[in-house]
Structures are given as C-alpha cells and as structure tokens.
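Here you get one chain, nothing else, as structure tokens; it is the form predicted on its own.
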C-alpha cells in the first residue's frame, strides 16, 4: 500500500496512487510523462509544512528531497542558484558558509524552496517582498515533460514566481542574495491599543517589524529588528530548548488543556502572556534571529489586506471575538510584505499586512475563521496559499487582478490538467 501523506497542520491527508523520488530533472520529466499517460494528477511535496490542500491528490506525489544542492553563487550579480528540493534551513546554512544571506525569511525554515516559493511565503518587512519576489530565474518541468527555462526577460516569470504548483514541477531556482549580516531583534510588551497604534508607523520605520496579540488579554508584543554589528547573543542551545521543551511540551500541554476545557482559555492566555510576553533582545545571524522556534501543531488561517488598514482590521477582529464570545487560544499576528508584480502573490500591486488567525484546538475555530474572513473581505482580503481559507475561483478573480491571466497560462502549459488537483481548480475554475 502507498504511504499516507498528511499536512504538518493535520488538516488534510491522502493515500496517493504512487510516490516518486526523482534524483534529477530528467527523472522528474519521466515521472510527469508517465503520470500524464496514465491520466494521473501530479503534485509535489517539500517539507509538507502547510495547512492547505495544495499537495493533496490521489494520483502521484513527487518528493524533491534528492534535488537538494546549492549549485552556484554568482558573486558579481549577487545571485544564488539551488535545486528546488533544498530545505530552506539548509539553503540558509549553505549561504552563510559562503558569506551570504537572503534579505527576508519566514517564521519557519523547514520548507523546501519549491514549496515556500509556490505559496508566497513571507517574513515581515515593508522594505522586502515575499521570498518569491527574490526569484530571477527558474527551471520548470511542464506537463509534456519538457523543461521551461524562465528568466527576468520572460513575461511568464511573474506568473511562475508564485505558481501554486499549477504550471509544472519547479526543479531549480535562482534568487537574489546579499552579503551575510547580523540583526538585533527586540521584543517590547505593550497594551493592545498601544501596539495597534504604533504598528503601521513601526513597520514604516523598521526594516523588519510585526505585532503579536493574545486574545482575551490586553497583552501585545511589538517585535522589531535592525542590522547590527554588536556581539552575537543568539544561542543554538536556547533555540533547541524552546523547540523541544517550551513549545513541544509546555505550550503544547497548555493548548491541549484549552481544547479539553475551553472555558479555561482566557485564563490560560493570561498565563501564556505572563510567561512569553516579556522584554527580550537577541543579536545574531539574520536568518536565525528572524526565524522562530518551531511551535506545537496548531491551525492557521491568514489573509493579506492593504497595509494601511492594519489597525482597523485588528481592532475589528478583537471586537468580533468579544462580541461572539469566541475562544481563541493562540496569538493573532500581523506581518508586513512589500508590494510586488507577481500575479498570484497576495502582495500583488500593494504593500500588504498579512493577518494570521491562529488557533490550537478550540471548538470555536470555524466561527473564528469565518469572523476574520468576513472582516478582511471588506478590505479585499487575499488568502495565504499555504494556510486554511475558504475561497473559490470567483473570489480569487475579484481580489487577484491577474487571476484570469494566470488561469489562461495554466491551461496553455497544462491543457490536460496534469497538475490540476482540487486546490488548483478552486483557484482557476473548472
């Protein structure tokens, strides 16, 4: 029997007809050709760190784990070329060993390059776009098994940077990088209203900035970072302790307790705030400091709206939680992304605030998601492709100006629907 696939967030699971682990681009092409001949859908999994059904298919799931090498650094042009199955953590380590870094990283570094780029994964900065915006060239195996080579002169590259896996199997990417640098990150506990009032100004003044708020409390945290040459204080041992003990055991236990006894959630949130929301400053290598310790398994929905509406949207979400008595046992997060020109990027055409609605086992999760979705809809909210969101092709066409052009390109490159699972069909329409 074929191996079962399950998303990291335990939101979707499937047993595909077959798995494939190609060792090179030629083998990827052969896998695609065989699947197409058999009428099977092909999807690619990287780290599997997602909540959406982007990978789910009963056809063939392709692992790119054997395509995991940093191939070249062009020092003159500031470019790094890597195979698409390389994990982001390994990519960052390989860059650092050569004295380079990416200017932005997401909260988590467990994903493959192909996966984080296909879903528009981002950090929090109005100076830098999402990770996809750093791509200058790609190699993609299309539905016929041919290799499509895209560079900055190709008008299809803006479509392929956030491809949703709908155009083919990405095998190689070239990204802009810079010389390695350190950052100082500071966590400042504030009241909810002080945090919301300061948020947009802080995002405009800091190279990296975000806000956390704990529902059912007045506890918020402003997190900002700047480049720094001061001595490093980052501790790998502390990061390992946070991941393996604090998050994997203590925080996981708190979430489990709230799931069994939802009435305790407000009190548990206050406890979490007292422990976690304390002043902290850490200095170290950029990718290590700007990422975070792996949290316990939980659920996430996330929407992108114009950055200038950040404070209004967050206040309205708090009001909805209180008015509806929703029990939410995880932070609400606001992160920023510089606008770009990539067709299916949630930051297409506008500087964006990404509002993350997270929850850990609460019975009110669906009602919470619905309340957030209704609020962000008034601002033209766009879903994060790797997280949970209710959408259809009609919504996507309303909020993504290039959705129609993207659907046309998908059908041109994949007329038989080799890469078209239910997730892609919801994006482009039947």
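What you see is a predicted model, and the numbers here were worked out from it, not measured in a lab. Residue numbers count along the first chain shown, from 1.
Just so you know, the form predicted in complex with a small molecule exists too; it's not on screen, but the next bit is about it.
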Heavy atoms within 4.5 Å of the small molecule in the predicted complex: which stretch in 100-108, 145-153, 238-246, 179-187 meets that?
100-108
Quick check on residue 352: any heavy atom within 4.5 Å of the small molecule in the predicted complex?
no
Flag residue 170 as yes or no: does it have a non-hydrogen atom within 4.5 angstroms of any non-hydrogen atom of the small molecule in the predicted complex?
yes
is_contact(residue 84, the small molecule) in the predicted complex, heavy atom dist at most 4.5 Å:
yes
My question is simply whether residue 47 lines the interface with the small molecule in the predicted complex - judged by any non-hydrogen atom within 4.5 Å.
yes
Check all three, 64, 118 and 295, heavy atom within 4.5 Å of the small molecule in the predicted complex:
yes
Of these, 305, 209, 359, 114, which has a heavy atom no more than 4.5 Å from the small molecule in the predicted complex?
114
If we test each of 400, 379, 51, 369 for a heavy atom within 4.5 Å of the small molecule in the predicted complex, the one that passes is 51
